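Below sits a lone chain in structure tokens, taken as the form predicted alone.
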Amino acid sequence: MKSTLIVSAIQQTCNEDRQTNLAFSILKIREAAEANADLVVLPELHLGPYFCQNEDPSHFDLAQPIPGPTTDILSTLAKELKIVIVSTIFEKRAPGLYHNTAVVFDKDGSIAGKYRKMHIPDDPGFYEKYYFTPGDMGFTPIETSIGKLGVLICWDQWYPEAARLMALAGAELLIYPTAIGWDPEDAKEEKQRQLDAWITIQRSHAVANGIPVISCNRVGFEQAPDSTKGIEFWGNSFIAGPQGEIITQANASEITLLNCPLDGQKSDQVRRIWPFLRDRRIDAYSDLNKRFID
């Protein structure tokens, strides 16, 4: 990784049409470039409202191929601004085969790589198994001009195995494009517990692996189709260092661009004093391959 890497995360609403949402994302990407950012991360499925709140076959019409119309636009932008962009797109891979896919655009406009979401939730308001086939690309960092990026997506953030495998494969930075929020009917105390858990688990990935984390969420209330209910996306996007320290963080409602420098040497220094990778007992971990230990 560069000696100093300037990274950005765009926290935005995504409840308008595709053209409007993408135009706003592009505006913020340009702001990041003006701040000399090397890398900018967008929220999960930032092109439109979170359509997985219900099961509707017409939503498959939202998917697009990779390369495709949106990737062409972002490729051109990355090349123009000489910035690395991380976007997530509803990918139409083949008829009847769809993925939730992160695409990384390098500074020359090329697609440096893709990651297809591995862990797919299926909960009230988050019916992703109806739409997304689980990823088949494994946990492989994406090589870019600024370093190896461990890109994961939303529900993946709860799994320490995913973060660890990315780190073991050489990831220098963990990136989580996200779309997560509250049920507005939940009590204030329950909302706080959920938010605290979400922040804590991702900070723990930074600590356990000795590398920074970028978590980029959307904000705003999005009503579920044919219902008065919906999701209140809780924002709180943040960037943490390799000891889990919060460097910068947004609140639960603001539309903002987070921007901060990362010390490219800090991870090496941290791993020298906290050598967790050295002390792993790989001879005793075989049961991790089991669903449950009876």
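This structure is a prediction, so every number in the text was calculated from the model and none was measured. Note that residue numbering begins at 1 and tracks the sequence as displayed.
Not pictured, yet referred to below: the form predicted in complex with another copy of the chain.
Contact annotation: another copy of the chain lies within 4.5 Å of heavy atoms from the stretch 151 to 159 in the predicted complex, the single such stretch among 151 to 159, 103 to 111, 212 to 220, 75 to 83. For the marked spot (167, 279 and 284), a heavy atom within 4.5 Å of another copy of the chain in the predicted complex is present in each of the three residues. Taking the partner from elsewhere, residue 243 is found to have a heavy atom lying within 4.5 Å of another copy of the chain in the predicted complex. Shown alone here, residue 118 lies within 4.5 Å of another copy of the chain in the predicted complex, counting heavy atoms only. Within this chain, residue 208 lines the site of another copy of the chain in the predicted complex, having a heavy atom no more than 4.5 Å away. A residue is said to contact a partner when one of its heavy atoms sits within 4.5 Å of a partner heavy atom; residue 201 meets this definition for another copy of the chain in the predicted complex.
Using a 4.5 Å cut-off on any heavy atom, the residues of 103 to 142 that reach another copy of the chain in the predicted complex are, in sequence order, 118, 119, 120, 121, 122, 123, 129, 134, 135, 139.
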